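Let's start with one chain on its own, the form predicted on its own, as C-alpha cells.
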Amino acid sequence: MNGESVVFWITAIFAVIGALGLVVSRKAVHSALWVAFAMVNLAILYFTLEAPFLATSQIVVYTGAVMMLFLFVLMIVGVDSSDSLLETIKGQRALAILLGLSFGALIIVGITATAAPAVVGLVNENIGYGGNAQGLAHLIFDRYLLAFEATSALLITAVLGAMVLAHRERWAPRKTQSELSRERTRSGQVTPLPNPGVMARSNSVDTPALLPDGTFAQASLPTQFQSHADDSVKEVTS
C-alpha cells in the first residue's frame, strides 16, 4: 500500500464515521459537528486526488460557511432533542429506512460490478489546462456552460421562492417609540422586558427569563414560543 491508499482508507473511515454520527446523534448541534467532520475528511481526499480548488472550496464553502451557518442558527434558536424525534409526516421513518437500504444496496452492486482502476489523480488533466482551477473553469464556462447557467437560475429561483414564502405582509403601520412607551406604561410594565434566557441556565429563545424573585417571565418569550413555555420551565427546573 502506498501513501495515497493509506490516506484514503483513514479518511474514508473517518468520513463514514461522521456520516453515521449525523444519523445516530440525538442533538442537532452534534449532528452538524459530525457533518463538518465528514466534510473535512472529504476535503483531504480531494487534496490527495490533486484537486486543490475543489478541496479548498469544500472546506471554505461547506465546512466553513454552510455548516457554521447551521450551527449559528441552531445555537440561537435552540432545538430540543425531543423535537427531532417527532414525525411530521406519517410513515417517513419506514420510507427513509427503505430508501436508505435501497441506496446502500445500489452502491454495493455498483462497486462490486466494476473493477476499480488504480488511482492516477488529476495530474495529467491539470497540466493540460495549466492547473486545477483553470481546468474547472474550462469545464464550467465552456463545455457545461448551459448546465451551469441552468443550475444557477434554479438556485436563484429557489432563493426567491424562500423569500416569498417567508415574507410577512404588514397590515398596520409600524408603531413608533412613543406609542410603544405609552403601551408599556398602560400595561404596568414600564421597563423593557428581559430577553429570553436571562439569569436562566439556558439562553435559548424558547427559555423564559428569570425575574429577580426567581419566577419565570413568560412575557419575555416571543409569541411563537409562548405555547411551549411550560415545557421550557419544566426543563429549567429539572
Partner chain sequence: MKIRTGASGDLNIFGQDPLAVVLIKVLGIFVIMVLMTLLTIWAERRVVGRMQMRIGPNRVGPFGLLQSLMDGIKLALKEEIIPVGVHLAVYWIAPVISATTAFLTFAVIPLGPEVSILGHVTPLQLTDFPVSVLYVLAIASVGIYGIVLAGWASGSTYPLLGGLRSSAQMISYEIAMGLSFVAVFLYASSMSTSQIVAGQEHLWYIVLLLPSFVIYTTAMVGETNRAPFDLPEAEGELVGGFHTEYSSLKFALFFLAEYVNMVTVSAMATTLFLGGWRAPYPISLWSQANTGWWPMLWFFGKIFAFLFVFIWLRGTLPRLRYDQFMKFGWKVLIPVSIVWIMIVAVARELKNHSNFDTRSLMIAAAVVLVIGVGLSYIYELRTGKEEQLEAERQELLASADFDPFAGGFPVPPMPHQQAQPSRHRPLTVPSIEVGEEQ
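Positions refer to the first chain, counted from 1. Under this definition, the rigid core comprises the largest set of C-alpha atoms superposing within 1.5 Å between the forms. The structure presented is a predicted model; accordingly, all values stated were derived computationally and were not measured.
There is another form of this protein, the form predicted together with its partner chain, and it is not shown here; the text below is about that form.
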Item to complete: Identify, from the list 209, 49, 59, 42, the residue with a heavy atom within 4.5 Å of its partner chain in the model of the complex.
Response: 59
Fill in: Among 90 to 98, 132 to 140, 105 to 113, 146 to 154, the region lying within 4.5 Å of its partner chain in the model of the complex by heavy atom distance
132 to 140
Fill in: its partner chain contact at residue 76 in the model of the complex, heavy atom, 4.5 Å
yes
Practice prompt. Indicate whether residue 122 is a 4.5 Å heavy atom neighbour of its partner chain in the model of the complex.
Written response: no
Worksheet item: Using heavy atoms and a 4.5 Å limit, would one call residue 205 a contact residue for its partner chain in the model of the complex?
Response: no
Worksheet item: Taking the shortest heavy atom distance, is residue 186 within 4.5 Å of its partner chain in the model of the complex?
Response: no
Worksheet item: Across 33 to 70, which residues bring a heavy atom to within 4.5 Å of its partner chain in the model of the complex?
Response: 33, 36, 47, 52, 53, 56, 59, 60, 63, 64, 67, 68
Practice prompt. Examine residue 108 after superposing the rigid core and state whether its CA is displaced by 2 Å or more between this form and the one not shown.
Written response: no
Worksheet entry | residue 159: Cα shift of 2 Å or greater between this form and the one not shown (core-aligned) | yes
